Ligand SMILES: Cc1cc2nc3c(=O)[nH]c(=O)nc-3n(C[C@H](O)[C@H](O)[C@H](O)COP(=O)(O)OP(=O)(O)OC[C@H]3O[C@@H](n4cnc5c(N)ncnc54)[C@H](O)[C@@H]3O)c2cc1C
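To begin, one chain is listed below as structure tokens, in the form predicted alone.
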């Protein structure tokens, strides 16, 4: 097998696929390498997840995204991106993890769990969904604490505590409650946060009527096998608990970026350095694409506004 390419793309999510499509269109040799299945992050989304965007905003490479719903769901998105990969005949290797990237003369050497590859250019489209933001409190390592959520059926008749106030938290709270869970929410702020406009009123009404208990201006301080402690404005509250759903967000793999040599800002956001016009990092010929560009600001970049990164990158490579 030929292991030398014009472009090596790390990440087989929608933006990694978009980069492959642009490389294909430009006549450049490329290889996409993904540590899990295709669009691995989307696969790990909640079973009933619905996108905020309409189907046309999730399209890549000019391939139409037919959807029977105004806003596609997880299943439709997985089907669409699989078909794009097939129709576009994308060169993608799955379940192969990139372990290192280094410069050797005019080429980059990319090492993986299964081999080594050389390329003139590298695109990191690695997303952010693999590393959860931790609570850093006693008991967070207990098996009942979850940073990912899949199917509400599992929580039938369970006492579920949801930590967070944004989209994921709202979905978990409402779905588990509707499947028979006793749901409590802990929100650091005085009100709910960024939630899909058709979901937020539903959650507000459930809280107002008392179906879902919510502690605002509060934080979870300790987790034990059968109960949890919550610090509220009125003092500490201890409640019985079976599961803690810590929907506290996720972050890019900063350790990997630093290992590769990408510079990060020294503030909380840890923005990876890149030229917004070309997406090239401080390392010549190494580019960023997708949500990884935002550092800790993972709400800045989405499929719909970062798919253009693929176009910018390949145009810059063609100029070189």
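Numbering follows the first chain given and starts at 1. Since the model is a prediction, treat every value here as computed from it, not as a measurement.
Below: the form predicted in complex with this ligand, not depicted.
A.B. asks: From the candidate stretches 209 to 217, 154 to 162, 92 to 100, 133 to 141, select the single one in contact with this ligand in the predicted complex, where contact means a heavy atom within 4.5 Å.
C.D. replies: Partner-contacting stretch among the options: 92 to 100.
A.B. asks: Any of the heavy atoms of residue 14 lying within 4.5 Å of this ligand in the predicted complex?
C.D. replies: Although this ligand is absent here, residue 14 would touch it in the predicted complex, with heavy atoms inside 4.5 Å.
A.B. asks: Check residue 296 for me: does it contact this ligand in the predicted complex (non-hydrogen atoms, 4.5 angstroms)?
C.D. replies: Contact check for residue 296: no, nothing within 4.5 Å of this ligand in the predicted complex.
A.B. asks: Indicate whether this ligand has at least one heavy atom within 4.5 Å of a heavy atom of residue 173 in the predicted complex.
C.D. replies: Output for residue 173 is no: heavy atoms all beyond 4.5 Å of this ligand.
A.B. asks: Considering only heavy atoms, tell me if residue 243 and this ligand come within 4.5 Å of each other in the predicted complex.
C.D. replies: Judged by the heavy-atom cut-off of 4.5 Å, residue 243 is well away from this ligand in the predicted complex.
A.B. asks: Just to be sure I understand the contacts: of 257, 28, 283, 49, which is the one whose heavy atoms reach within 4.5 angstroms of this ligand in the predicted complex?
C.D. replies: Checking each option against this ligand in the predicted complex, the one that comes within 4.5 Å is 49.
A.B. asks: Within 295 to 320, which residues come within 4.5 Å of this ligand in the predicted complex, counting heavy atoms only?
C.D. replies: Residues within 4.5 Å: 301, 302, 303, 304.
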